[in-house]
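One protein chain, two forms: both are listed below as structure tokens, the first as structure 1 and the second as structure 2.
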Structure 1
Amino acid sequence: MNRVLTGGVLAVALTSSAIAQTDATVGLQLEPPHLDPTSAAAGAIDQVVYSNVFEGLTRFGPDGSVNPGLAESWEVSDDGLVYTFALRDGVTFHDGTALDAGDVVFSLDRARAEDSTNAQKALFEGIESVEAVDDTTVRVTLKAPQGQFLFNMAWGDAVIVAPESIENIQTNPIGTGAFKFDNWTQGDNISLVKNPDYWGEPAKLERVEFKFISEPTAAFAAMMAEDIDAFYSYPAPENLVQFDADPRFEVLEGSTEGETILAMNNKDEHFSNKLVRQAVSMAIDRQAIIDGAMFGYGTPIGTHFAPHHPDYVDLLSNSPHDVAKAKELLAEAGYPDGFSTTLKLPPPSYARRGGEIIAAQLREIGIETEISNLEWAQWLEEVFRGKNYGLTIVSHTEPFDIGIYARPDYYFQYDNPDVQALVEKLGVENDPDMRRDLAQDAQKIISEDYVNGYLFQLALTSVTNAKLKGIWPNAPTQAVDMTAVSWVE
């Protein structure tokens, strides 16, 4: 009986591979806690649903540009306060209800409400009011001119949801995207199917499955066995050499918005001293960390800004690797024999491996670190919320997130009124040249203040089947946009 069954399965497998493939399985490292991008910070949610299931007024393109989404076009008043969006005609949600201006008002009001659980409420803070002018026109009035408004509306946290389906959004997301949510096998996979009634360019794949594989070894095996067709943001850079050498696969190398930093607790007894922070910054050998922890993938940074951003300033010269100078600075700060501190590391390999390398580099200038490896929940509790740490390594993956340096209560506890003033101005400035000046000034100040040790921009390395085309090599936002992905023979 068994043999008969195997034969049957084999026959089915053979016939299905003979016809053109229209489905794809994509491996992801993290499973989302639920599927509502508008009520949680988890990037894993956006990876599955952004652009695939849910869309916003505007949307990010693969290069990070902001393009029209559900809003076909918009007009901005001369004073920069009133945005009038013209919605696309004939857009329907997956449950058949039509998208109208009321849904947009509902979504934005819900996100900025007093009791909203949106993870990025700051995106909506500048909104004074949202009104439906008619069925397909929405008028948003801002409290003050806002440079980033269209950019903000492209975030996964700002997607348009419908009041009709909001109740079960966490388990049954109903959006307007090119794919419909199909099924979620918890702990294993989420599948999406093509939305036949999509308003725009229809998806090329009939079915997409996101499979959650947290273990790098398992990811390697699944990819090698071709159980999965792609692995987005492949977690073990050491395997990429092998994938690269194998003609069956293609390695996509891009950049993320992830500034990987050695965060220092600016209120800690040692790191409150700028000389100590400078010493630490100069003790770091970035290239050794990139080679050792990331197997060469990553770009060194000298400040908290993405090097692919046009407003980036190269400030690496502020903290060159110079052990002798670092020792001098440490002595000047009053620690000629160094000191001991804690280095608390979250699970990703950039942190765990990078941590061992940094510990060795700091030992050279006399700073002993006590390493503790933490799970994410512990890290969030102890380091991010509790601020009970000396040093930690983490990648800040939000785009354009220099604003965190204006928050004295943020986990590295940097308090500088100059940066706060710059970030505030940046929030209301519309003129691109002025914005560049402000952003560059802020980059320079935090780099010269040695707030954190700036390590490298996290590379995004994805592995795909060589015939599967269209996966974004870069990550302008947390998204695995499958709408343009297809098989090419």
Structure 2
Amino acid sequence: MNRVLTGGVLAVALTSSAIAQTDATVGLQLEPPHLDPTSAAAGAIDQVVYSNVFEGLTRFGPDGSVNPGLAESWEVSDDGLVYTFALRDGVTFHDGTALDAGDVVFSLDRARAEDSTNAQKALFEGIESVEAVDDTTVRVTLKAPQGQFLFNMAWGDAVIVAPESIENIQTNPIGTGAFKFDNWTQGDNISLVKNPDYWGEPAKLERVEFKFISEPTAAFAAMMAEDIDAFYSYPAPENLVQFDADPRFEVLEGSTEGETILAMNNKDEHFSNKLVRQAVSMAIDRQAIIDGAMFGYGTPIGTHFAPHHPDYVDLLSNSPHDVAKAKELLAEAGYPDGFSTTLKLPPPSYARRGGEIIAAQLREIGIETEISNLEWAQWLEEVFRGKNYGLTIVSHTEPFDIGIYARPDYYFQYDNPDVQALVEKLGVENDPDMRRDLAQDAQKIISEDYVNGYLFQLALTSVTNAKLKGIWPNAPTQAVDMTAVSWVE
């Protein structure tokens, strides 16, 4: 009898161990406000649902390449105006309904509608019409050629949704991805489960839980206790040396598309003055911020463009750290004694820690900042949508997003017709050399206008269990793609 019980206990233990190795818990610092990537700017939404739950006509690969998604192929007319997409056969949404061309028409028309709340509505403004040729063929006609159209269709804002499930998409997302939404415990975690009817390569994990841990000390404790299996974009870089020395863990070092900026409200009474913006830019010691807030992780930037991109222009010389010159500029602008303003900070550690350092640097030239630490929903409401701020710090992690400087209603409210014309040309230009020239001209103008204080390109440093493989080391898009993640011995 004792042998039977012992064997039974052993069998249970082995079964439990096997189950554990098919699940993974991933720590994230920010909880999304909801789960509809097509109606909000929060990158935390894409972190959870992009590729995992929702898919687009095209999709980003781990190297930033644009690959077939729900469209297995496409043809482009000779004039570059008409894209004809062939949808994959046998694709179903998680509720069992079939994907067809009508869902694509609905998704793209919804994104470009007059009342659309899509945060990247500009991606769709160049579309003239979307037609269902038949159940598996979609024809998209553009107003003018777009060199970035297939790239744009890979964004999380362009995923395909169904009219049948759109009403509850924010709390019950139904997509076509390798994982299905399972549960959301507000303030704690979101769980996904494997989609057994996935059209493509099935997920290797049975279950993924995204655990929201905002405090760096709590993130460290959770990793060390192995309560979580990975922490994507680990928030306390000072701990990375310790993790690197522990054989239980692996530290992934990569890059992101995240230009971290000290954003200035260009319609604020102070920052509407270019001389003030220049003074702020020259008061900033980028390396001190990288060392103090990021423990050396990050690449200094002088404009809103990723240094790893082949079209990047090094413009750091436009805003060198020069306190004396910054004071002169402030005096010239009419503020010899400085002034006071607000510095509203979202939760990420780069913002909270960087904000303290920047406040001290600005104090050296006479600018006093009233720091407010906001939760993500508050930041979106007050800063991003409400534009009620003087300064803020945020990392823009969307790929190739210099086009935001052509939007006067964007939260930093920069209005320059020359940039708007450049971005408009960039949107329709197909020649790579011409596109490079236009992108570089735009970089130079915003740098020389000191639209924002350009700090650093955000590094991606994640910590994983050494046996958990497949998490992307780089972040070509705002996603924690778990579709190819697995446990290895």
Partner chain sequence: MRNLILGLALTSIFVAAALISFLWTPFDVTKLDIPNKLQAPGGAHLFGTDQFGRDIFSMIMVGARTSIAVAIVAVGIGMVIGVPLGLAAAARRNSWLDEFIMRGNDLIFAFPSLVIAIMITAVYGASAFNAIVAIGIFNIPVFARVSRSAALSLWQRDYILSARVAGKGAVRISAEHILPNITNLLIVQGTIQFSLGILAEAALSYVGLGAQPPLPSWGRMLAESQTLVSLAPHLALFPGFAIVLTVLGLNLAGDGLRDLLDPKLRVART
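Numbers follow structure 1, counted from its first residue as 1. The structure displayed is predicted, hence computed values, not measured ones. The term rigid core refers to the most C-alpha atoms you can superpose between the two forms while keeping them within 1.5 Å.
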Report summary line: Same chain, two copies; the copy that is the form predicted together with the partner chain is structure 1
Query raised in the report: With the chain broken into two rigid parts between the two structures, is residue 386 in the part that holds residue 337?
Result: yes
Report task. Would you kindly give the rotation angle of the smaller rigid part between the two structures, in degrees? Result -> 16
Query - Displacement in Å of the C-alpha of residue 443 between the two structures, rigid core kept as reference - result: 3.5
Requested in this report: Report, in Å with one decimal, the C-alpha displacement of residue 282 between the two structures after core superposition.
Outcome: 6.8
